[in-house]
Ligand SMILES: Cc1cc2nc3c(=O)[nH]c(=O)nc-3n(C[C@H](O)[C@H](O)[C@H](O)COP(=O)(O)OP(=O)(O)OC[C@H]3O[C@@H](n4cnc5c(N)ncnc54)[C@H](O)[C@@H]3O)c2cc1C
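This document opens with one chain alone, in structure tokens, the form predicted on its own.
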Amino acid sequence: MKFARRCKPGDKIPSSGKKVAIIGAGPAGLGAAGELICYGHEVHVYDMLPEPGGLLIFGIPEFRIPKEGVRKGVKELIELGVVFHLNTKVGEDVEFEKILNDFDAVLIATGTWKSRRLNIPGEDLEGVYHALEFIVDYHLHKYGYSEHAIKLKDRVLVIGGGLTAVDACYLARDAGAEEVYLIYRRTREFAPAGVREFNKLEENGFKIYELTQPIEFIGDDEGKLKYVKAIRMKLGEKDSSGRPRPVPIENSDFTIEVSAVLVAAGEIATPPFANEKYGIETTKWNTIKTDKEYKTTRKGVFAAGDVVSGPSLIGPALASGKKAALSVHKYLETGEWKWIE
């Protein structure tokens, strides 16, 4: 995967004398780094994980994105002069204020790393995991960065209808589950992952419960998950998403005995600060507010990728990082800062 398209290692690039910090080494951050280094800026990328790539490496299985291409693109960025600060979470390991003070411009590309909760009884029981955390944990162990790995067994239930839920099914089997069930509150025609992905799951031996919603996690006397209580649904009028609203069917609840649950109910944007600190406004979805040129409400600070848009696909995130880099470069050249609706 090529992140720098304007230049290649060995090219003579005049230095601008400007320093840019990028927070987040996922698709948006890497795309921006590839543009900014070719403009001659000194580029530093901060990331909480032990290897650049974000979800490209740790959140998406190999069968969807071969890691060799991602690592090759990162290696090229390093050869061009991009400096990576890994295992470094801005806001914890290094203060955001220090980043603001040490660099001429900052681009926030921290993505969506917080999982949504279902907010049903028993969600904190041992054996209830969030699918994204499970997938990241799986890859950290697989690539030798962690000795710990979540081990699964017997019957595992995955909750959700997106690609994270689908991928969690495959990886749950790899992690030791003998049976893996997927439950989704609508039908596959309305699932974010699409009909084809659901059909592939069934072809590979996974069982799918459509029009099914969990309503309670039930534990044993030791506080470990033992059952999932669910209810059948029917499709009602369209909701704000444009899809039919799932409506519970009265007296249709049932229980499933399980050893673990992987919840894939979506992710929430994760800026490297809280409560609109530093004069950077966020939205009610916790995404960072930007103008058309990816400028935030603080001069010199930009944002791109899923931390602005919410969960999206790799292509749009990568493209937004590259577009944001152009705005950063323009600002570094002119010093102009004007909000553009």
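The structure displayed is predicted, hence computed values, not measured ones. Start at 1 and count along the sequence shown; that's the residue number.
FYI, the form predicted in complex with the ligand isn't displayed, but the following is about it.
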item	value
Candidate spot 64, 167 and 317, all three touching the ligand in the model of the complex (heavy atom, 4.5 Å)	yes
Heavy atom of residue 113 within 4.5 Å of the ligand in the model of the complex	yes
Heavy atom of residue 207 within 4.5 Å of the ligand in the model of the complex	no
Heavy atom of residue 312 within 4.5 Å of the ligand in the model of the complex	yes
The ligand contact at residue 135 in the model of the complex, heavy atom, 4.5 Å	yes
In the model of the complex, segment of 66-74, 292-300, 41-49, 279-287 with a heavy atom within 4.5 Å of the ligand	41-49
260, 265, 80, 90 - the one with a heavy atom within 4.5 Å of the ligand in the model of the complex	90
Stretch 55-88 - residues with a heavy atom within 4.5 Å of the ligand in the model of the complex	55, 59, 60, 64, 88
